[in-house]
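Below sits a lone chain in structure tokens, taken as the form predicted on its own.
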């Protein structure tokens, strides 16, 4: 029998980023007992890397903004395959969540009259991103932690969850291990909230932290929940490309929001030559007008560098492929050019973009106030995830809720910058609220010891192979690296059927090899073992992404098919749904999107 500690809570939140903390705060505020499990140390969740701001229609900079415009922008950015109800709730509730964060102590940048300052971002019609320089995620997490620490939340740091515990179809807890000591833990709960973030570590070049291995997606999938929109992966246009040790680290869209421009090796602003028809009336056609827009001129149109992320990323890839890239395989992002416009440009850049200044100075020995940065696309965010109810955030499994990046619906085919942080606040709150309600209405479920024993046996099998000295098909690091490399090459920014079919074959091969990998030593301080256990999540999300992408035979948002380069109007009315079949294999179907009410259709038409 396995030796493990048992903890019991009314609500268990898995993940300590913005969504997890906001869910824990909301659940605890209702009086139920809350446990928070995080893979990393508290305060180190990937939310700290969100830089540009929180999208909310506060209308502090431009009084023409309101929730209806934000809703229409979000739907248009998502190519209308969004869950319309989630997009509506998000746009309506985001301002209140930001003001709530301010009341809890968040220190935002300010307008001259003392209101929260908002900046321009790609795809947003008006300046909408409330920000703290380019360190917004860090300030948001600090504020949530400072507020949450007084709520009586039990925090279990550096614990990885291996499986969700079930009684019938209902989720009644989770089973995992403490990473430092390797000891096992059972968490019994009346309701579980998944807030585990993204899947970036399934790709070679990513802005994501080490712990973004798709754990929540995988846990839900193997427990029997459905995943949707997994084909829609966002490749942020601007990540560092040099030096190699920092390749993929994010370069915030805030650089472009403050006036930064993209140039190729010929010095040309190539984005002016590729403006989609549906954005042409809103996009500047000359340098001067684009500059005036970034400085808050209400009558100017936005620069083409602030088009949606999927479009900008593909334009950058085109420049690189056609031989007009920078020396290290990217393009140039230049904010230093504003010296022509501002006498105090150097001080202005350092004040507006302090993290970017220090990041390039320390990591690449580049002074962004005087020279251009080299940037290229980096795997950044997945729009797809666990299928949830828009209002309650509960999955198809009773007792299992999800919020943040591991939940799907709000973003459709492409997320607008800044919507991720307001998504965390809006739906983190809702997940915590309804998880607490579910816990009050249901008794603690019965944990099946057999499920625990099976999970323990699988977790320790790699040690058994290691102790026998068997020749494994490569160590876990080799399998992880191979997966990342071919996912980047075969299921990346530009996709086609032959390459994705090859990726499926290789994923199948890695599933087999992962069953033979060996771990050596003991369970304490054993990163190789941790990597071996992460392979299940990485392979699961990689397979879900590839199968979904194969089944969407069109190009839309973050999903671009070289063999189907146009949108298919019929597919624009469908979700791709994947789930685990009874035989353990991945299943897929197309399902019609819910019909949008006439009131919201009218808003979209009005905003067009």
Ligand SMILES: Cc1cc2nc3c(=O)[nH]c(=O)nc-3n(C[C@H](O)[C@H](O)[C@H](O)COP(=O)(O)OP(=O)(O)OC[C@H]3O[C@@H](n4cnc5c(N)ncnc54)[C@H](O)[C@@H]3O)c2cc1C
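Everything numeric in this text was worked out from a predicted model, so none of it was measured. Positions refer to the first chain, counted from 1.
In what follows, reference is made to the form predicted in complex with the named molecule, a form of this protein that is not presented.
Undergrad: Indicate whether the named molecule has at least one heavy atom within 4.5 Å of a heavy atom of residue 38 in the model of the complex.
TA: Close contact exists here: in the model of the complex, residue 38 approaches the named molecule to within 4.5 Å, heavy atoms only.
Undergrad: Does any heavy atom of residue 69 come within 4.5 Å of a heavy atom of the named molecule in the model of the complex?
TA: Output for residue 69 is no: heavy atoms all beyond 4.5 Å of the named molecule.
Undergrad: Does residue 88 reach the named molecule in the model of the complex, with heavy atoms at most 4.5 Å apart?
TA: Heavy-atom contact with the named molecule at 4.5 Å: absent for residue 88.
Undergrad: Check residue 24 for me: does it contact the named molecule in the model of the complex (non-hydrogen atoms, 4.5 angstroms)?
TA: Contact check for residue 24: no, nothing within 4.5 Å of the named molecule in the model of the complex.
Undergrad: Quick one: find which of 365-373, 516-524, 292-300, 415-423 has residues within 4.5 Å of the named molecule in the model of the complex by heavy atom distance.
TA: Checking each option against the 4.5 Å cut-off leaves 415-423.
Undergrad: Report yes if all three of 229, 409 and 540 come within 4.5 Å of the named molecule in the model of the complex by some heavy atom, otherwise no.
TA: Spot residues vs the named molecule: no contact at all.
Undergrad: Which residue, 394, 159, 106, 320, has a heavy atom that falls within 4.5 Å of the named molecule in the model of the complex?
TA: Residue within 4.5 Å of the partner: 159.
Undergrad: Just to be sure I understand the contacts: of 326, 336, 207, 439, which is the one whose heavy atoms reach within 4.5 angstroms of the named molecule in the model of the complex?
TA: It is 207.
Undergrad: Pull the contact list for 38-65: residues with a heavy atom within 4.5 Å of the named molecule in the model of the complex, in sequence order.
TA: Contacts from 38-65: 38, 39, 40, 45, 46, 47, 49, 50, 51, 52, 53.
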